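Next up: just one chain, as C-alpha cells, the form predicted on its own.
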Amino acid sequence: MRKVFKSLCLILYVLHSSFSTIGQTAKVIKPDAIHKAWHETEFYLFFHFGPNTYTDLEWGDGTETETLFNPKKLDCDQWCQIAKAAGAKGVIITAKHHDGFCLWPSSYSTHTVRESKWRDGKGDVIKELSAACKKHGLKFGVYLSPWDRNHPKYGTPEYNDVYASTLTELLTGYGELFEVWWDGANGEGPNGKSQVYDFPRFEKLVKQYQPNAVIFSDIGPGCRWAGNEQGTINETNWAMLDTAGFGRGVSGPPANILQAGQENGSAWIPAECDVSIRPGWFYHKAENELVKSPEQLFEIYLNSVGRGANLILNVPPNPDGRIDQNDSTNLVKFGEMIAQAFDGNLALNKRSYCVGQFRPIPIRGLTDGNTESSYRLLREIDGSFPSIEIDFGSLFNINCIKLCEQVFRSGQQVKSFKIDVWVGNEWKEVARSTTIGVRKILRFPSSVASKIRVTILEARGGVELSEIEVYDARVGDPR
C-alpha cells in the first residue's frame, strides 16, 4: 500500500510539474551581474553644468568664450552631500554637452576648463566630482555628448577619432564608472556638416576600459531611455527590448515601445527615467521658484523606481558651482519622505503561506528581508497560480506593498496580479496591476487588516518571487 501511495505521489508530482511549465515556451532573458548592480542603484542625480549655466541657455552653439566658465565657489562635496540626503546612490555629470566645452582639460580640444579663468586654467571638474563621490560612497558616471558644435573636425571622419580619444580620457582617468550616458543629438557642427557616429567603436572602448559600466541610450545596450523626460514609466514595464532596425535619436524606437518595453524582447535593456527638478536642464535664475516640490518628486519616484525602472533626477548647479538652496531644501525633504514611507516593513519575518487547491504550505524566503532568497510558484493542475498569504498576527494599517521577482534567476515573468487584504472576516480586493519585474511598488487605499494576499493572475512562464514588503506609507496616502 505504501508503494502504491508513493507511486501515486510521484505521478501527481510529474503532472504538476508538467502543468507548471505552461507558457514557458518563450526564451527566458535574464540580467547579468552588471545589470544587477545597476538595478540596485535605483536612483541617482544628474548634473547639467557648463557654459549654458552662465549664458542662460539650454543648448549652447559652441561659440561661447571659455572665460565665461568660472564657478568661483565650486563645491562638489556639497553636491554629493545633497545627493546622499536625497537617497541617491550615484551621480552623472555632463562632462561635455553639445556646445563642445569639456569640464576637464582634454588634450583633444581647445574649448575646455584649461582655457577658462577658473582655477587659473588648472581646474578639473570631473576630477573633483570623482573624488567627492569616492569620499561620500556614491557611484560616478559621465555624459559625453557625441554632438560637438565647437570642434572643427566635427562632420568629418576624423571626428570619430577625436571623440574616441576624449571618451578614452574619461574612461581611464577618473576611476570606476557605473554608467556612460549618450543621447541621440546629432546636429550640424561649425562647418555646417553633421556627423556619422561610430557607436560600435565607442561601445567597444567602454567595454574595454569600464567593463562594469552600463551604457544608456535609446537602444542601450545597457539601459534604454523611457521615451519621455517626465521621469515616469508605463505601469506595464518589461525590461526586455528588440533593437534590430533601430538607432539612436530620430531613428530610435517609438515612445510607446520605450515606455512599455517588449514582453518577448530579445535583450535585457531596462528603462531609465530622466527628469529635471526644474523646467530646464541647466540652471536659470528665473526658475528658482519653479523647483519641483518634495511631493512631486515622491510621485515621480513611485512612477519610475516603483515600476521597475531607474530614476535619474537632474539637479543643475548654479554659476557659483553649488546646488541652489531651493533645490537642496526640496531634495532633503524628498529624501526624508522616502525614508519615512518605507520605514518599518510590516511583513518582515511574518508567517507566510502558499495557498492553492490543497492545504496551505508554510514558506520561507519572501519575508526575510533578503532579496537573494526566493520562492518559486508552481502552477495548479488547471494552470492557475496559488496565492501567497502573509499573516501579520495582529491588525495594522496598511496601504503599500513592494513586490520583487527573482529576475536574475528566472527572468521577468509576471503579466498581472492582484492584492487582497483580510478585513473583518473576509478578503477584500484593494489593487490590481500588471508587470512586477525587478520591483513594483503599489499603493492602495488604507485598510486595517491582519493579513494580505498576493495572487498572480497571468504570467509568461514559471514565477519566482524574491521578496514581499508591506508598509503603512502615510506619505501621499491615496485615500
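All of these numbers come straight from a predicted model, not from anything done at the bench. Numbering starts at 1 and runs along the sequence shown.
There is another form of the same protein, the form predicted together with a small molecule; it is not shown, and what comes next is about it.
Undergrad: Residues in which of 79-87, 95-103, 298-306, 158-166 have heavy atoms within 4.5 Å of the small molecule in the predicted complex?
TA: Careful reading of the contacts points to 95-103.
Undergrad: Counting only non-hydrogen atoms and a 4.5 angstroms cut-off, does Phe444 reach the small molecule in the predicted complex?
TA: Looking in the predicted complex, residue contacts with the small molecule do not include Phe444, since no heavy atom lies within 4.5 Å.
Undergrad: Taking the small molecule as it sits in the predicted complex, is His48 in contact with it (heavy atom to heavy atom, 4.5 Å or less)?
TA: Yes, His48 sits close enough to the small molecule in the predicted complex that at least one of its heavy atoms falls within 4.5 Å.
Undergrad: Going by a heavy atom distance of 4.5 Å, is Asp183 a contact of the small molecule in the predicted complex?
TA: Taking the distances in the predicted complex, the answer for Asp183 is yes, it comes within 4.5 Å of the small molecule.
Undergrad: Quick check on Trp59: any heavy atom within 4.5 Å of the small molecule in the predicted complex?
TA: Trp59 belongs to the contact set for the small molecule.
Undergrad: Any chance Glu229, Asp274 and Trp281 all have a heavy atom within 4.5 Å of the small molecule in the predicted complex?
TA: All of them do, each having a heavy atom within 4.5 Å of the partner.
Undergrad: Heavy atom within 4.5 Å of the small molecule in the predicted complex: which of Tyr143, Trp238, Phe202, Tyr154 fits that? Just give me the one.
TA: The residue in contact is Tyr143.
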